[in-house]
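Take a look at this single chain in structure tokens; it is the form predicted on its own.
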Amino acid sequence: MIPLMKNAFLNEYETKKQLAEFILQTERLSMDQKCLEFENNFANYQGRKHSILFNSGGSANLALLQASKNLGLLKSGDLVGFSALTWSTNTMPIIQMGLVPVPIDCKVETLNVMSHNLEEKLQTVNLKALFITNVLGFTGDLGKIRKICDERGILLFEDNCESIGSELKEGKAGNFSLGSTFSFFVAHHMSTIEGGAICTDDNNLAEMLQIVRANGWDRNLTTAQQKKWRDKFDIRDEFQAKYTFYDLGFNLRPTEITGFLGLNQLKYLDSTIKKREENYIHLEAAIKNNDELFTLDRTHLSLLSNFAIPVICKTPSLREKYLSQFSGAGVEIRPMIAGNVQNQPFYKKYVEKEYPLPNTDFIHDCGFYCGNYPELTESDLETLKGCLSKY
């Protein structure tokens, strides 16, 4: 069988051995210096000023919107656009924050919201923010999308949980927005078991994210930042400050295990991204030779950090054929993430308005994916090529 993932970590045995030694030797496992060290290293890797570590990518999405509300950038009732082809944790926080979700259709050949999809939606809807998802390592034309958002005064956020390392000609995915989220769940590009992060260049947002992450406390801020908050609310001593909560927040803190694993796995990230791209290009040749499948457009990308191998069939009946081919060969497969989110039970329960999303519906009905990771062998790749072949 070819599973969605083979190992919890890159270089798994050595990583587990080092993790066991770290747990035995460290004096503190709650969030501390290893988390801070990873935050600094990951910010440098991504090329952004700040990185704030969380206990999951979903928590990062929730915190990003809560922090934006705390800062007055968003308010209840604001319309927030999001990629209709996405994951639940990109959409749920919009609802949970009292914002109004507005799904935006994608382009079939890129799997992502493109600038023309956004422009079409803006003809009828005035968005306050756009929370875009970079799907499976692919992206939309983020440079053009950023320009539209800048011109219209729309806040742009990126859910980059599936596309860490992907690059456009204009820069890295995750660097086009006010804030971008990342996931380090076991099935993602790098694993801290559970874990996530937000990257931003905005000092105020970074500061508020640290407050949101820790129940509204100031205890992870710098001394200067703490003084600012304590002076603002006339908190006169350290005793009182211990249990003072400045704004709405949650307990979304990671552990030192998260920080340790992040530092360990970050060393291997570039090599795993390279191998994922090589695997995809190898299999793309089989897709190009099959007129029953769509070949995805990645011409606007200079580096594809592929999360999984998407298969988009020309019709629903063809999808059934290829589902059988993959399953029969022992390949683990999944639907195209959450498909059209409007069809999900949670969405129907809380959101009344529904929008036409023909391309997302098409991908929902005609698409699926299988795993891509460095441990795929030559034999695995040949099996997958056979599954992608027209018989």
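What you see is a predicted model; the values in this text were computed from it and never measured. Start at 1 and count along the sequence shown; that's the residue number.
In what follows, reference is made to the form predicted in complex with a small molecule, a form of this protein that is not presented.
Enquirer: Of the listed stretches (317-325, 184-192, 271-279, 297-305), which one has a non-hydrogen atom within 4.5 Å of the small molecule in the predicted complex?
Expert: That would be stretch 184-192.
Enquirer: Which one of 161, 212, 111, 84 is close to the small molecule in the predicted complex, taking close to mean a heavy atom within 4.5 Å?
Expert: The residue in contact is 161.
Enquirer: Going by a heavy atom distance of 4.5 Å, is residue 359 a contact of the small molecule in the predicted complex?
Expert: Flag for residue 359 set to no.
Enquirer: Can you check whether residue 133 is within 4.5 Å of the small molecule in the predicted complex, heavy atom basis?
Expert: Yes.
Enquirer: Residue 68: heavy atom within 4.5 Å of the small molecule in the predicted complex?
Expert: Output for residue 68 is no: heavy atoms all beyond 4.5 Å of the small molecule.
Enquirer: Would residue 290 show up as a contact with the small molecule in the predicted complex if we use heavy atoms at 4.5 Å?
Expert: No.
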